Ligand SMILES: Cc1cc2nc3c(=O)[nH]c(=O)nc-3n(C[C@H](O)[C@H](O)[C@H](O)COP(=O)(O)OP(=O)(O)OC[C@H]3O[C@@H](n4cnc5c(N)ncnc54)[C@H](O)[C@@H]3O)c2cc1C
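Given as structure tokens, the chain that follows is alone and in the form predicted alone.
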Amino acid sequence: MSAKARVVVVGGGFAGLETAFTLRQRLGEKAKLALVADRADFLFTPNTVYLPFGGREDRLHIPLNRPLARRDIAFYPGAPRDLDADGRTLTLTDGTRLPYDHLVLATGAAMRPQEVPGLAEHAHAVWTPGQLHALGTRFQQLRSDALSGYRRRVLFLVPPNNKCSGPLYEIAFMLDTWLRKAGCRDTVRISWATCEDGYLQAFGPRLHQVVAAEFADRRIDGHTGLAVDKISAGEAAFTNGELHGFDLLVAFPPYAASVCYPGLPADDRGFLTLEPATRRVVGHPEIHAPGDAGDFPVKQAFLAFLQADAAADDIAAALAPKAVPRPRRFTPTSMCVMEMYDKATFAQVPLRQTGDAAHPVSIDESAPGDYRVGVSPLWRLGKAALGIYLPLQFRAGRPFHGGRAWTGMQVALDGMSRALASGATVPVPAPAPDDAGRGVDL
């Protein structure tokens, strides 16, 4: 390259930071990197599930000034206002114009509670730290009422067009354990209703079976295949005519793209249409969109990392082919640890897109040995380790999948997942929707 290429990364979340730090690692000083974000810190969202139970928020924020300066990445506070893809210029809300040679749009997803009438007015969402703190206040009141002998009903709800309900499952399990430890679980009825045909449908039959068994053991009244129609005070109405009452409703609203980019191809919810392997925007090889801004049907941090790695390698290979002779491509394998407060569930799930709108992803049967699910108290240590490792990496300006630290973490996770995985390593048929935890008597 005769001059340094200009790469602008928009978004300070998992995908944006992973892309920026990986590009610097791959390219050294061969490119000018800039990051645009609407806040000057990174929020470690997976551990926000602890906030309703008294967890500290300050530990979840990572200021970006030091790691960005350390990696010579210019920081521009703000958000996109206009994108001139033909002229390769991004304009921010304050009028700043940023010309680029390569652009990364990692602006994530947002919530649309208004798509379900009454959801915004009557449900507690689990999206922002403020909402989770407010939910914690309600949980404190719930526990106080239960200890005083008052019976209460809590309903957890997954509506259509939600793209990642895992944290909601965590909070439901954690609430059960928290109330048991307080000695008042018997006076609280916990119910679950999801529009999906199975629990955590995208992650296959084995995780569904684990959740169904946990719901039965914990006396959580689980229902699948229920699409909510509207919410009123104390009652959720579903499209099949069922009515479910509640004293407290907790929900993850429907997802949509956080930022829409007129002129770029996107679906009806604003998610950008991408080339699967590279995460390039279709028709725009100089623009990539890793993470939740893109069209992959499941929105999750680990998948965002994999997409960011693919996007960064694709850009780096275009700018310095010798530096990246074998660029990584996006092969979707989800990895998550689901907290339950007394134990945790680990899931590693190889995925493939199906093209079916009702079931957009399924288990990749070509990699059965990579499909692992296990439940153990030891996985709580695994979640804690990830909660330490990722912030350390980002504070140092290193990508999640970077360096010897990740090699050690990968070896440990692989060993634990093999040792603690339950069941066979080949997919098994999922139970029919009518058998998926319906009718558990609480």
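Predicted model, so just to flag it, every value in this text is computed and none were measured. All residue numbers are counted from 1 along the displayed sequence.
Not on display, but discussed next: the form predicted together with the ligand.
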Please determine, with the chain shown alone, which of 280-288, 107-115, 221-229, 194-202 has non-hydrogen atoms within 4.5 Å of the ligand in the predicted complex.
-> 107-115
Only hit among R138, R88, R153, K299 for heavy atom within 4.5 Å of the ligand in the predicted complex is K299
Note which of L33, L68, A37, L390 lies within 4.5 Å of the ligand in the predicted complex, where distance is taken over heavy atoms; exactly one does.
-> A37
Within a 4.5 Å heavy atom cut-off, is C164 in contact with the ligand in the predicted complex?
-> yes
Examine V259 and determine whether its closest non-hydrogen atom to the ligand in the predicted complex is within 4.5 angstroms.
-> yes
Even though the ligand is not shown here, does Y341 get within 4.5 Å of it in the predicted complex, heavy atoms only?
-> no
Would you please decide whether V126 lies within 4.5 angstroms of the ligand in the predicted complex, comparing each non-hydrogen atom pair?
-> yes
What residues in 375-393 sit within 4.5 Å of the ligand in the predicted complex, counting heavy atoms only?
-> K383
